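There is one chain below, alone, in structure tokens, taken in the form predicted on its own.
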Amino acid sequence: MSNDTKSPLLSWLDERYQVSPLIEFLRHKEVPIGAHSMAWYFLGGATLFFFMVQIVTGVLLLMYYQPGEATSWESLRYIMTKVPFGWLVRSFHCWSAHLMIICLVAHMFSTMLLKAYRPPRELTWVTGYVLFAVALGFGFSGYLLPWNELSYFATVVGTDSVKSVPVVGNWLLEVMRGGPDVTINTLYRFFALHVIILPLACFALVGIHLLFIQRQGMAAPVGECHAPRGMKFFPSFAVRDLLLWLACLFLLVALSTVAPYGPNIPGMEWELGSKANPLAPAYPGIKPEWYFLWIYQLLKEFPPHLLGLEGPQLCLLLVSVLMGAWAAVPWMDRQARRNQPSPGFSDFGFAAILFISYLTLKAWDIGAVGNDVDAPASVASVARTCAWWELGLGGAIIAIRYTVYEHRWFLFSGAALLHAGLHGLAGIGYLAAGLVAMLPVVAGVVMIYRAQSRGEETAGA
């Protein structure tokens, strides 16, 4: 841009901060358009919007909220009953937190299925993965702040699982709680984590994540070095993103006014209720937030002791292995690294969806008989009902993938459906059914690996 065409303000800024290169970058920046829907590109922006709502509403709540044994619950009740529109601000804060997690999960799975993590974007994937972990930390730490019965006993149950970590479990438990039990010291620690430590970490990670995206651009479709055509980021894509933010705002306003205390399902309810009383009996039907339900249910599926170890220890080990594998996908997916389709890793992503969805459905006790959800008949009924739901969902996903996207790899997703069928319909134990379902996966992966190795040797010869 020549100096003659610059406005006085832009010239003044350019002399001091050299903003012309940034303007030129935005003018030429494009969003790749390929065979996949551009809707996936907007999920990151929607997540950022709900995060900004979290910050604004959190600051407004912080003006009245006072952490303390005699002030936390009371100040929140004051916000909801005395402060003008205080109930609406809190509803905004709660709904935007859940919508942010939903958008973040959808964004992560879309990145996985579109192979947007392939070189040179491995660290973009890693920073997004860490942002997801920080978002879960926000949810966990903020859950205790109302200091009501539900949040108190849910925190007791949630933090108690930390004891299962080998060697340092008890030490970690006391670090989290500020002592052996959940007390006001736990509230102070969670408050500091929620309003200081995690926001600082999140701002830094969001800045790094956005910097990586701006430097490298959005990933083009697999198999193409460059997108066949592109859309100008500014103003075309930016205006669409702003319109999406406006739609998200309308959705947030509608949900916050129609259901100010949540949809009243386990893991998505935030009515204030009664003040926490550590001496009272445990709150009935304690369940964590919906995005922790699959881990909660998986802990229940493990016996107290297995293979000489405590069941919760093995469960946390399994979760750690799965999470580690998910973080390492950019380095494990060799075909995507060569800019080639990798149907096996796409199927791995769909299998993860089915694995988590089945455990979440079971945690909701869908199909329970009577009031005692832990009775053998009720447990069997829940497993059977959830298995049918899972088979219907998985069958629909496979049919769409086969007919619309012409996918032919269903090894992992098929194993997830076999697992649900063996457990829910045949009555085999959850872990035993999982081992049986893994056998064809192991055999299939070994056969495919050997076939690929022979193909590479033949090509090399």
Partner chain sequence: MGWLASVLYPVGRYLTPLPETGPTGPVNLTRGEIGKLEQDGFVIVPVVGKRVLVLEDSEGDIRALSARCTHEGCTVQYVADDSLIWCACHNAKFDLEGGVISGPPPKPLPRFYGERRDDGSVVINVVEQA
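Residue numbers count along the first chain shown, from 1. Being a predicted model, the structure only gives us computed values, none of them experimental.
There is also a form predicted together with its partner chain; it is not shown, and the following applies to it.
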Interface residue in the model of the complex among Ala282, Leu318, Ala192, Leu244, criterion: non-hydrogen atom within 4.5 angstroms of its partner chain
Ala282
Contacting member of Leu173, Ala219, Leu314, Leu252, with respect to its partner chain in the model of the complex [4.5 Å, heavy atom]:
Leu173
Among the candidate stretches 381-389, 300-308, 118-126, 210-218, which one is within 4.5 Å of its partner chain in the model of the complex when only heavy atoms are counted?
300-308
Could you confirm whether Asp160 comes within 4.5 Å of its partner chain in the model of the complex, counting heavy atoms only?
yes
So, in the model of the complex, is Phe355 in contact with its partner chain at a 4.5 angstroms heavy atom limit?
no
Can you tell me whether Phe92 touches its partner chain? I mean in the model of the complex, with a 4.5 angstroms heavy atom cut-off.
no
Taking heavy atoms and a 4.5 Å cut-off, does His98 contact its partner chain in the model of the complex?
no
Determine the residues of 38-55 with a heavy atom within 4.5 Å of its partner chain in the model of the complex and present them in sequence order; the list may be empty.
none
